[in-house]
Structure formats: structure tokens, C-alpha cells
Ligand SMILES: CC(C)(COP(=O)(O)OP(=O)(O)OC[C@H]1O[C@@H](n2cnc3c(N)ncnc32)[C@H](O)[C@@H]1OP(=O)(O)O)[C@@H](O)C(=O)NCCC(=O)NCCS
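Okay, here we've got a single chain as C-alpha cells, the form predicted alone, with questions on binding and movement later.
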């Protein structure tokens, strides 16, 4: 669908150190950011095999924007910034509720019905329809947040621009992430999972499933898992290591406790 755009971005990426950046090159980068903003392309997509993979040409376009765009004074209403990426405005017509001083950078997509408490959404990110991103939460560069999710206060959803082939953090639909939790290093939280307050997930975090004989996995929270922070002892019992513990899988009681409040919409 975007064959010409992809070829232009790839050509600029491979030759930017030796070529003159043309108006057409600038336009290709701007067009990619506009597609990201409208949600027509994404920086990561889920394949038929269920695996999320980075869309490398899109991430290259985001990086090229920083390379070829000088910082400048940016006015957003009464606020003024000095940056390379403008902020998004005109939220009312898009069905998004935005509480100041929320920051959403151009080149990210926010779907209809989203509630943005004072938070930060970075360039390349994608937020589906219906989530609440709570106070001081962050959605990093190219991170993907599915529909009807709830990220509580202070949640950090990590992003990644480099290396190009690295996938960002993926939060699938209907996920609840408790306050002050951190998810980083390209980890995936599958549909309907619940992370309790203070859950820290990186690629090296041990995930212990108590419902399956304390099976240990890494990097991915299963669909519907209810997860709490904990620890597991070392082999010699001299110390313990941080881990995330799957206590159960969601049920009606879990659904009632994590439901988004329709009144706030």
C-alpha cells in the first residue's frame, strides 16, 4: 500500500551520511508520521502466528525525523516548547478526553474514547480505542496499547527505537496494569492479563506460574493471567530473586475489580 514511501525511507536510511536530504525525503518522513498519527500504519504488528514484530521502515522514519528536523520553538496554546516534534491538539473532535498537562507527541496514534489523565505518549506509540492512561503514566516510543486497557498512575510502558528490529512493549486488549508498574525490553502482556501494583517486567524477569507447577518463563505474560510481584529463592537458599507470580487466571471477581468506570467517561 505504501510501496513508494517505504522505498524512499529505506533509501534515505541507507544513504543519509553521503546524500543530500531533499524536499522529497522530508516529505516522506512527514507522511509516515502523519500515517502514524492517523493510525494507518504501526511500528509493530501482530502476525498470524501471534508474534509481534517491529515494522522496521516505520521506526526508521521516526529516527530520520530526529536526524533531519532541527529543534524549534513550538507553541501549544499558552505553552511553549523547544523540540523537534510538535504536540497534538484538537482532541474534542476526535472523541478523546485529555486532562492537562497531558503530552501526546505528533506521530503517535490515540483511538476514540481514550481518557488521558496527565500523562505522556511518545512518538510512534499506538493506543487503541477505549483505554484510560492514568496520571503520570508513560507510553514509550513505538509501544502498543490495546483496546479497553487501564494503565494506573505512574505506570511506565517502555518503548524502543533502536535497534531497529527490536520490538517495543506490547500491551494487548483488556489488560489492567497496576499503579507504579514498569514493563520494558520488548515484553508482551497478552489479552486480559492483570498486573498488580508494583509489577516490574523485563526480558530477564522470571514469571512463575503457580497454576502449572511453578513453571518459569520469560518475557511474556499469558492471556488472562493475574500477576503479583514476589520472589523465588536461589538454589543454595542464600538469597531470593525478584519474580512475577501468576496466582490464577481471571474470573468474574477479577473482572469486577478491574472494570473501567463508565461514569468517568
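Residue numbers count along the first chain shown, from 1. In this text the structure is predicted, and so the values were computed from the model without any measurement.
Omitted from view is the form predicted together with the named molecule, to which the following refers.
Site test, 35, 60 and 162 vs the named molecule in the predicted complex, non-hydrogen atom cutoff 4.5 Å | Checked in the predicted complex: no contact with the named molecule for any of the three.
With the cut-off set at 4.5 Å between non-hydrogen atoms, does residue 105 touch the named molecule in the predicted complex?
-> No - in the predicted complex, heavy atoms of residue 105 and the named molecule never come within 4.5 Å of each other.
Within a 4.5 Å heavy atom cut-off, is residue 208 in contact with the named molecule in the predicted complex?
-> Result no; residue 208 lies far from the named molecule in the predicted complex.
Taking heavy atoms only, is residue 257 within 4.5 angstroms of the named molecule in the predicted complex?
-> Residue 257: yes, in contact with the named molecule in the predicted complex.
Is residue 197 one of the residues lying within 4.5 Å of the named molecule in the predicted complex, judged by heavy atom distances?
-> The answer is yes: residue 197 has a heavy atom within 4.5 Å of the named molecule.
Sole residue of 55, 226, 28, 64 within 4.5 Å of the named molecule in the predicted complex, by heavy atom = Looking at the other structure, the residue within range turns out to be 226.
Any idea which of 93 to 101, 151 to 159, 137 to 145, 110 to 118 reaches within 4.5 Å of the named molecule in the predicted complex, heavy atoms considered?
-> Comparing against the named molecule in the predicted complex, the contact stretch is 151 to 159.
Scan 232 to 255 and note down the residues that get a heavy atom within 4.5 Å of the named molecule in the predicted complex; none is a fine answer too.
-> Residues within 4.5 Å: 247, 248, 251, 253, 254.
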